[in-house]
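Given next, in structure tokens, is a single chain: the form predicted on its own.
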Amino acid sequence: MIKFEDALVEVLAHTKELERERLPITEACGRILREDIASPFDMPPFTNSAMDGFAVKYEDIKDASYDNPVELEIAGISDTGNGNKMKVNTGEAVKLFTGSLLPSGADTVVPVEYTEEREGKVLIYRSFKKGSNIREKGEEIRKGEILLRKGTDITPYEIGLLAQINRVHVWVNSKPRVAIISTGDELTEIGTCTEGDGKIISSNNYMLKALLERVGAETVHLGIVKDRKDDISEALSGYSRFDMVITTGGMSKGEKDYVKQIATELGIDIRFHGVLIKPAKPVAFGIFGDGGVFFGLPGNPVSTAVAFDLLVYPALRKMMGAIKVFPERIKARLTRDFFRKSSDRKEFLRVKVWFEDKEYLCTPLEKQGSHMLTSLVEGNAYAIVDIGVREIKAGEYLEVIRFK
């Protein structure tokens, strides 16, 4: 067995980025950007008003007040979107709206709520600093500057920015094609299990499908496979058609745990089997073809989830070309004592973490069994307990990985 850090290095070292594809921005949300995006023009593209009001010369309104309003001649209206290049002379004001082109000669905008129009004139009731309420050309970004970096997650906000710079198509990651195989004589499909029949409903395949699709992968479930060599071999035989293959179950050292043996016989190069972590110790990783990867995950549902979050997720993110491949880690203060009997593995403790009084707090859940999915529903993070640490006192800080 190897340490977790070494396992993660091995996974990322043997995971390759997939080819990219070009999509319209209307279809790009949720993908990873695979090119740098430079601004084709200054933003804003021209100096404009930040609000409805009047464009003026600062010198004309610097002494304005409610007791001593300044009266200016309205020289015209600079409407939004008309590109009307008006001019403000001393003693004049131009009416404008949010986004209107700032007339030449003007250096300040007075908001409409501090003005009053009277027969072609405007009364200014308050002074503003020179340059107030103006958006300068290029103040957000200059033409040619990088707006979005390759590897950026495309969210609705990136879509809005791409539309703002008139970008129609972008290069993004292609979706990884991932096959899922669930193994175990005891497994049965949802809707078929009856109480006391000795069967266990297969949940890992549904959980994995949801986890994979949330990341942005295409999934194919190849079914529930009995613990028989021929059946496992048949299910795995088409592995080369996929970018990633994930199996659950059959990874321990029992007499029916055939998955590693069959995978090796079929040509998958198993790079490691067994990681010094709790849960998910029996996890295996292998490679095949030109960039294909294999994960053999334990059958217990929590072990499956932990192995996915810590090893499969980073591999998928790298395949897709993301800048950040591993979930963010934060520091959280433990709210009650924690003790464990054995400290020979790095433990990923299911905890509830929240923010209170300017810091993150976390409390371990009572149910920590690798078969107890309720710990993932009730919790929202993994607290990392290092090898050699058996006891942590309330008030100490732990490194925490959010999983939801």
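For every residue, the number given is its place in the sequence shown, counted from 1. Please read these numbers as outputs of a predicted model, since none were measured by experiment.
Quick note: we don't show the form predicted together with ligand AMP, though the next part is all about it.
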item: Ligand AMP in the predicted complex reached by all of L187, S202 and G299, non-hydrogen atom within 4.5 Å; value: yes
item: Contact segment among 242-250, 87-95, 307-315, 73-81, judged by heavy atoms lying within 4.5 Å of ligand AMP in the predicted complex; value: 242-250
item: Interface membership of N173, ligand AMP in the predicted complex, 4.5 Å heavy atom rule; value: no
item: Exercise: S100 in contact with ligand AMP in the predicted complex, heavy atom 4.5 Å; value: no
item: Partner contacts in the predicted complex for 117-146 (non-hydrogen atom within 4.5 angstroms of ligand AMP); value: none
